[in-house]
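As a starting point, one isolated chain is supplied in structure tokens, in the form predicted on its own.
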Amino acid sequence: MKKLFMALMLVWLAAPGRALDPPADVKAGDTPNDEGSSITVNWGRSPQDQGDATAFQGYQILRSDNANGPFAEVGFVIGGKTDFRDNVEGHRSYFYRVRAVAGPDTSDPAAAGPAEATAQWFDSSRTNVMILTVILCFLIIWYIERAKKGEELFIRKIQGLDAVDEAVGRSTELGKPIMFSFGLGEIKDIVTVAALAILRQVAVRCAQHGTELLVPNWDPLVMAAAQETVQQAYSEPGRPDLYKEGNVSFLTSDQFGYAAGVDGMMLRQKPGAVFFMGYFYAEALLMSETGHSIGAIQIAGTTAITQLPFFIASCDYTLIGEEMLAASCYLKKDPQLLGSLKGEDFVKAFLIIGFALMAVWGTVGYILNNAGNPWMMNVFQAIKSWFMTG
């Protein structure tokens, strides 16, 4: 039956005197929510546009900057679609014509225009992002002001950071140095920047206790940043004389060459505490096992989820994920850092609760929809669409 119907339609379209109908209600206008570089053309389907069951091919879109032409083809849309987005110059008028195409036949053109592309100052599809941004900024400023007034803002205890003083104190009592490794992180990595804040705190404690600090590096830029950080940290308690530039050294940019170099330093220097802070790969377990074999207190922290299990198994304390990023705020207690951390945590908690409620609501809506009550499912879909697209 389908083949017979297609054959009849082909004969009907090819019959003498049968004209191909043009698309109806053609409109051209500025594309909403864009930067002003496109025009969207819309039209109603031609009566001969019946999908795959006919010889109808699609629609030819013509454009000109003059109402009288000449018009040039700028696109072709297959049958069944009723819109076309044309990339154009902004603040310039264009005229459009749309033709239906079926085999060798084309319809009379349906005209639209003039249309001009202009930029919108606000993308209304991102209203949800704007609302969340305003809420986040308000909360951060509010918490910063509270911290400036001396109010105590609660931050969950992070055992690995609380153990910094213990690790430095033990190394001092044993007369052993402290080692700090950034792993294979680069200076552009956020986790490396967070590790520099921890290094500063460790270096201050080493200067106060007169403990030697060793910082072997894989990246030359990270080494330069580490030297500056350690030198400034030694100056804070008034002990710049204890700073030794050679202790913040460059080993090699080879992955396992760096691991071998760090292992050799640990076996020779026998540090009392080892800090692994940054981004690590397969060398993580090689270095942490060596530190464990010499009996050092080991504190690790990374955002590399593939290496976290190895650090947890071989180190005394491990900072997991965002605990690394919160380290500078946790150690320094600066009002601006505290306020930012509390504001971000509040928004994250709000989003987690919101997504959990949406999941429960969706499950209930699905059950009611299958039971013949689709209204709740429709409400859920509308709310979910707003959250996702504004």
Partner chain sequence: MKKEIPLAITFITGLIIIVTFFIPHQPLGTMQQRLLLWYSIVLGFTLLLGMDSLLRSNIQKIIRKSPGWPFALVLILGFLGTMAAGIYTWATSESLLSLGSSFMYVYTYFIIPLQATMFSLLAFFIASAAYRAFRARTLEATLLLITAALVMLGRVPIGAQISHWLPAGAEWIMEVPQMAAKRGIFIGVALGTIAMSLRVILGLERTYLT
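Rigid core: the largest C-alpha set superposing within 1.5 Å between the two forms. Residue numbers count along the first chain shown, from 1. All of these numbers come straight from a predicted model, not from anything done at the bench.
Heads up, the form predicted in complex with the partner chain isn't pictured, but that's what we're talking about next.
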item	value
Option touching the partner chain, based on a heavy atom within 4.5 Å in the predicted bound form, out of Ala224, Ala111, Leu242, Ile78	Ala224
Phe95, Phe310, Tyr143, Phe84 - the one with a heavy atom within 4.5 Å of the partner chain in the predicted bound form	Phe310
Heavy atom distance at most 4.5 Å to the partner chain in the predicted bound form, all of Arg126, Ala260 and Val347	yes
Stretch from 324-332, 41-49, 59-67, 22-30 whose residues place a heavy atom within 4.5 Å of the partner chain in the predicted bound form	324-332
Contact of His292 with the partner chain in the predicted bound form (heavy atom, 4.5 Å)	yes
In the predicted bound form, Asp165 touching the partner chain (heavy atom, 4.5 Å)	no
Contact label in the predicted bound form: Arg268 to the partner chain, heavy atom within 4.5 Å	yes
In the predicted bound form, Phe355 touching the partner chain (heavy atom, 4.5 Å)	yes
Any residue of 196-234 that, in the predicted bound form, places a heavy atom within 4.5 Å of the partner chain	Leu196, Ala197, Arg200, Asp219, Pro220, Leu221, Met223, Ala224, Glu228, Thr229, Gln232
Exceeds or equals 2 Å, Cα of Trp142 between this form and the one not shown, core fit	yes
Glu322 C-alpha relocation of at least 2 Å between this form and the one not shown, rigid core basis	no
